[in-house]
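What follows is one chain in structure tokens, specifically the form predicted alone.
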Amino acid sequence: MYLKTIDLTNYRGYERTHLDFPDGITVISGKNAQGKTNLLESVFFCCSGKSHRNAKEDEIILFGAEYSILKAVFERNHVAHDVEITLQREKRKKILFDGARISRTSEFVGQMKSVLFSPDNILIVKDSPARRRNYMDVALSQVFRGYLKLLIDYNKTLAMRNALLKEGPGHSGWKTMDVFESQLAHYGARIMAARRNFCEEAGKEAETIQNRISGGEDTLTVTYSPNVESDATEEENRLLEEIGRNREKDIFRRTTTVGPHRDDILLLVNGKDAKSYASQGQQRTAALSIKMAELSFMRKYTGENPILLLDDVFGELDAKRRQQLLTAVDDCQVILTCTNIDSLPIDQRRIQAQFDVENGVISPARNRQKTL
């Protein structure tokens, strides 16, 4: 799988941009705050239907414009496909895949796949459980086509139950509470099963990578930490039981306190909580290991190499971590950003295309021939 072209209209700071990509390494170089990350974000958007920075869609549209259009052509198994996403202010986004209208994002995600590495990956370790849930959900949505729909259905049902909780038992719609709780357990159990499998498989890979990078000095333990503990075979019944048991507390708090929307991943470095006790270097290694494991998981279950998006990451990594990341470069299309191409730990003869970006304008690198 590789991205062939991308066209942006009124996207962030890009008024009109067209780029052709080789099936190899492409470097986007330029000073900070010139638009490099915005370009990688646009590729990720064409894969996932959203920004990796969780930006609101209106924020993505060029200031002063009423719409933004992203177009991408990618090749999978020697067959070309095209994606077109239109964003309009105060309207739902419009997605076309191979010219056909896609009514739901969940029907589209996973057609083109990518894994994004950035300095912000450390937040998977340092930030809240919501960040770690999002990490799982993005990976699983690209691998398993039905996962995102499960997540959407769960969140819709959750919102309806929470609305009822705010109204209280005297509300005329309270009789539907049992139905909502049954649906929450049904969707939630399947989400939990997918997350458990992901943590078991990707977690083992991450533990191996951490050990390799640290030379055996550090151990990483990755464990799924569900909000409701249960035997995997009894997940739905156990979840339904816990939701019902907590109903009175939920009425008082006016929100649902039980379910996969409160799941987490437990990350331990040398047996201690990585968020609280690991050094900055250990946290960065853990984050890199986790993202590398996501890549391996995606390859295993899809049989495809996703597009690697590397957003100015090498400056944050020491030599061992750089080398570990470079092991993924050989088999994948890579689009990476940097401020100085000469500082990249890559044989520059392997770079097949290089572009400069300045104030939202992308052009072929002027020093390309001189560099090579």
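All residue numbers refer to positions in the sequence shown, first residue = 1. Remember, it's a predicted structure, so these values are computed and weren't measured experimentally.
The same protein also has a form predicted together with a small molecule, omitted here; what follows describes it.
Residues with any non-hydrogen atom within 4.5 angstroms of the small molecule in the predicted bound form fall in just one of 313-321, 327-335, 54-62, 342-350: 54-62. Within this chain, P306 is remote from the site of the small molecule in the predicted bound form, having no heavy atom within 4.5 Å. In the predicted bound form, the small molecule sits within 4.5 Å of a heavy atom of G13. Though the partner is left out of this view, G49 does not reach within 4.5 Å of the small molecule in the predicted bound form, counting heavy atoms only. Residue contact with the small molecule in the predicted bound form: T37 places a heavy atom within 4.5 Å of it.
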